[in-house]
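Form predicted alone, single chain, as structure tokens, below.
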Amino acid sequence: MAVRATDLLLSSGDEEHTLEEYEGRMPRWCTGCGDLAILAAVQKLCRDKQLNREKVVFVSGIGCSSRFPHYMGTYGFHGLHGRALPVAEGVKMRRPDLDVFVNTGDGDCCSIGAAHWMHATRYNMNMTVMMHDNNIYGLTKKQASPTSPKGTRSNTTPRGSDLDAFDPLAATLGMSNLSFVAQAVDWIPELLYKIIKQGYEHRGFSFIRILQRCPEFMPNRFEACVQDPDKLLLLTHKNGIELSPGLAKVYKNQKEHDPLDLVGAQEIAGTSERVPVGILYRNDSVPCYEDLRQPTELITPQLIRKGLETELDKFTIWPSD
């Protein structure tokens, strides 16, 4: 079996990576932004998993959440609005050995990128997708997003938005070929980390919606849930999330939910009484698209040249003699 020279170099060292090695530029998010908690959880995951920084890629679209690749000490691709997923799919198809993460926002994913999100779920490529959902367009300074609650006053809806909020969980759970769906909140760091960790460890398309606070444009949006633990419903299961004694004592509303139960997950997502937090659905048997399309031989510069010449020869005008 052919082995990349870079893989040999990366595996030759036994030096332990520190948390600081996964830090990129200084974050420019607002003080109190939930994105900071997500960044801390992801950097901790990289440290705990001792991921090789040279084999980790963070891909994003446009928005506050999409600054994420700049703040990681890994490879990154800051793409176009709503186009993070097709870029990530291209990376994963060409280099299935890489750890691919996607950071997208509620507008980036659920509006202009909605079609890509739907088909990325169907392809089920092995990547971890985190949708930062603050219910508003933050980078462009307060326009209503698809997940904004009905009545939200914004620069585009000064009299209040007319439509009920779009539900990313219910939508994802209705898509075909899905394999992992979860919901986290930025103000419970322990659960945030555990859910992202399970998403990473799952082999397939892991979609994690993260409710995150925007102190600048939606300062009170999730304050009731932060102050009152009874407004949350924590999903527990031996194959899902297990609560620590401290969390179990504070968050008393718990539900034993088997992540294999798709109908149960859809019922939970459809309720408006409490905000569910945990693993809603996980199916480890769904095949990954990159495995189905795995090349039969190692792609080398010679093979690439041969392929290009074969295609170009189709349009070559050869001399008649």
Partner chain sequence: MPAKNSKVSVVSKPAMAINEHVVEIISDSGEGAQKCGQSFASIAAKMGNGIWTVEIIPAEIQPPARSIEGASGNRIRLAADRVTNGGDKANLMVAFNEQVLLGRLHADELADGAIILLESKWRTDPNAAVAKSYSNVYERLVADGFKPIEVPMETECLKLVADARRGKNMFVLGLLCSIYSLDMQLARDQISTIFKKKSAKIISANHSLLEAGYDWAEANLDIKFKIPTTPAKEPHIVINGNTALGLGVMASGMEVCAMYPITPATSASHYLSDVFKNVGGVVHQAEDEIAACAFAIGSSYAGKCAVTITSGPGYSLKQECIGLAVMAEIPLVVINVQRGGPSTGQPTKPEQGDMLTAVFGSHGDAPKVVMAATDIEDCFYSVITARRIAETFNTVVVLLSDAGLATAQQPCPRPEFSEDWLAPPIDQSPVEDGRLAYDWQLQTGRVNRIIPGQPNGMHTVTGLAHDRRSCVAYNLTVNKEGVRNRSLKLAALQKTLKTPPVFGDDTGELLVVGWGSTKGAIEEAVQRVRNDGYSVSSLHLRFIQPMASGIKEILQRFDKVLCVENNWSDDMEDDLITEDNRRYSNLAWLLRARSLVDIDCWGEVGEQPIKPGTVERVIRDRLAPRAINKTAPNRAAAGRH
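A quick note: this is a predicted structure, and the numbers were derived from the prediction, not measured. Just so we're on the same page, rigid core means the largest C-alpha set that superposes within 1.5 Å between forms. Positions refer to the first chain, counted from 1.
Only in words, not in the display: the form predicted in complex with its partner chain, which the text now covers.
Taking the partner from elsewhere, no residue among Lys141, Glu242 and Arg274 has a non-hydrogen atom within 4.5 angstroms of its partner chain in the predicted complex.
At a distance threshold of 4.5 angstroms between non-hydrogen atoms, Tyr200 is out of contact with its partner chain in the predicted complex.
For the chain shown alone, Ala165 is not a contact residue for its partner chain in the predicted complex, no non-hydrogen atom being within 4.5 angstroms.
Among residues of the shown chain, Gly90 is one whose heavy atoms approach its partner chain to within 4.5 Å in the predicted complex.
In the predicted complex, its partner chain lies within 4.5 Å of some heavy atom of Val57. Exactly one of the stretches 81 to 89, 202 to 210, 169 to 177, 152 to 160 approaches its partner chain in the predicted complex with heavy atoms within 4.5 Å, and it is 81 to 89.
Contact residues in stretch 287 to 313 (any heavy atom within 4.5 Å of its partner chain, taken in the predicted complex) are Tyr289, Arg293, Pro295, Ile299, Pro301, Gln302, Leu303, Ile304, Arg305, Gly307, Leu308, Glu309, Glu311, Leu312, Asp313. Comparing the forms between the shown form and the other one on their rigid core, the Cα displacement of Glu20 stays under 2 Å.
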